[in-house]
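Alright, here's a single protein chain in two forms, structure 1 and structure 2, each given by itself as structure tokens.
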Structure 1
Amino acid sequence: MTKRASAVSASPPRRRSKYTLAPLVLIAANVVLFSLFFVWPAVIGLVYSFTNYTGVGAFQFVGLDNYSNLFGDSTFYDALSRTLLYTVLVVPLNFVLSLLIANLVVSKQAKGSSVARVVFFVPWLISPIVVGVLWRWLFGENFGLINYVIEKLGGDAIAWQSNADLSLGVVVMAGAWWGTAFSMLLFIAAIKNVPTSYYEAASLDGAGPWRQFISITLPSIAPTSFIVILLNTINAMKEYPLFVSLNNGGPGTSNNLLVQYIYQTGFNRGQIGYASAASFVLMLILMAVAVIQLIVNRRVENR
């Protein structure tokens, strides 16, 4: 492992490359953890996805059976399409809200922004489980505050829990509400880094706030926007606790998402092989998302 001796004896090749032992010691802990809890599970997961392993005892290789069964499994398709729908709804909502709020908080014209910033930040401190409880409490069909207000205003109570689309909508709202704080932090840092001289020049040229936002702010924070969208997409694809505590994927099983599907097949029904196959499909989707966004990002930056 240690090339130190040979590196030292040679005439100084490249700067710093003579150090081997020190960096090795420094990264040792994380290398061990990476191998144990990342490489090992990834390898056996891939192997098990071709087997009928149940978690105990012997198993047989079944080739691509798990994968072909998966694509004939309507429950899996439902979970997949619900996950995609959730992602497509929550990511843009989160993006728009956090960008709007970051701009408001940074703006010198808005008064009281240091207090408001704390208000916006609080949801992030609440765990997804409690966020789910909180929104379930707000959107209860018979007892929730929202329906109470709607009825007071002369409307009819809305079936937030028993209508599958509406109950997904509540999770989307809760997810965006919860996720705003973190995206907001990233946006605030990015917006503060835009040189103020750009804005001064633009306002001398008569550009209004909206124009300045479109022509200066938005292009300047493009790298951050990219990170926000990427992170939110990946997080939305693997959302689970929020759904569990808000409506448990309900009504019925109509809003079961992918991670929930993996959890149920793997642990409630003991089909580890099958669940591993589903995991790898999810992984491929996540990687595709990341690659597509990288390509788009590069294209935008090169323009």
Structure 2
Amino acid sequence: MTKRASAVSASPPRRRSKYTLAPLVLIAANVVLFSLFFVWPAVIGLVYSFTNYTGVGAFQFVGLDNYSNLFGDSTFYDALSRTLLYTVLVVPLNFVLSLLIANLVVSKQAKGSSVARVVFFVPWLISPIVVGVLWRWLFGENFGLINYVIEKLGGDAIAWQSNADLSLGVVVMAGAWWGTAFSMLLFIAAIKNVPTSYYEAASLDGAGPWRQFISITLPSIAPTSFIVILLNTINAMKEYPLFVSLNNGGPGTSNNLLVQYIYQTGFNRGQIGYASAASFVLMLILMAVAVIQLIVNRRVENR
């Protein structure tokens, strides 16, 4: 009896050591990678933002001069406003397209849904740079497929690249097309987790497909919708390769986004300190967006 009791009392420590070591190792690996590739560059960037560092040689601390100059820079505000405009346009378009496609794919009446998922997911497998090149071939003014078709039909070529509004519109469509695939997968998983009994009960009450979508599907997938909006907002505000490969923020600098402004300031003009200050302003904006969306999502869930 004494031996059995001692064996029982001795087993828990071995289990704890076995199941706590693996999580610690996995967490430690992530902590090291996070510190190496995020914390350390962020600390260096924060230090540079208070200096006149040009990328070469020594630097001097200039206090808050970079930030004060940044908030008086009209080019910075232009880039920030275009970034916000691009985000406001592409995020809702991406949300609607991905949700629509996800509903169609999971529908019981849909034929070939497996093939459709692969087809719609292909854009996500393509690099944003390649996506930009593809869409430039489509909407190039002198060589694009769209203008070729328009002219063959008797119309006039459209200034997709030299008109600033049309140029931004092309990038918005390309960005929504590219980002729809990932959002679609999230929505498919969320919609499949909605209990079918809800829809069966709604059908017995006479609710049609639209009413079921509004009253059952949308509330049930609200957490996923929040994640989709948050991720797309952050990605849109950090967009860079798609713009560069499609129209390079053109015509001219009319569609330069904030990340493009940071790159040009830091690497083309050699103002690393000034660009670091702009980078931290962008990071603060993204953190504010994330916090606001978290608060809104928490209030919606607590209703």
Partner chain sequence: MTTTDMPRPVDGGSGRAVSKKRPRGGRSGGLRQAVSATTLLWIMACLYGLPVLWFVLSSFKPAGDLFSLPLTVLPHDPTLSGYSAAWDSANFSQYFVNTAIVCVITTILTVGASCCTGYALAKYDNTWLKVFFICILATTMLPSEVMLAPEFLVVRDLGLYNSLGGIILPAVLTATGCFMFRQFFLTVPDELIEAARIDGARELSIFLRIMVPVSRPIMLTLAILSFQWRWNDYIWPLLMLNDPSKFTVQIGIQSLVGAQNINWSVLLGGSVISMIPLILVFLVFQRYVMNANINAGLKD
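Between two forms, the rigid core is defined as the largest C-alpha subset superposing within 1.5 Å. This one's a predicted model, so the numbers in the text were calculated from it and none came from an experiment. FYI, numbering is relative to structure 1, first residue = 1.
Trainee: Quick check: structure 1 or structure 2 for the form predicted in complex with the partner chain?
Mentor: The chain shown first - structure 1 - is the form that fits the description.
Trainee: For Tyr263, is the CA shift between structure 1 and structure 2 at least 2 Å following rigid-core superposition?
Mentor: Not so; Tyr263 is displaced by less than 2 Å.
Trainee: Could you check whether the CA atom of Tyr199 moves 2 Å or more between structure 1 and structure 2, using the rigid core for the fit?
Mentor: No, because once the rigid core is superposed, the C-alpha of Tyr199 moves less than 2 Å between structure 1 and structure 2.
Trainee: Honestly, after the rigid core fit, is Val31 moving at least 2 Å at Cα between structure 1 and structure 2?
Mentor: After core superposition, the C-alpha of Val31 moves 2 Å or more between structure 1 and structure 2.
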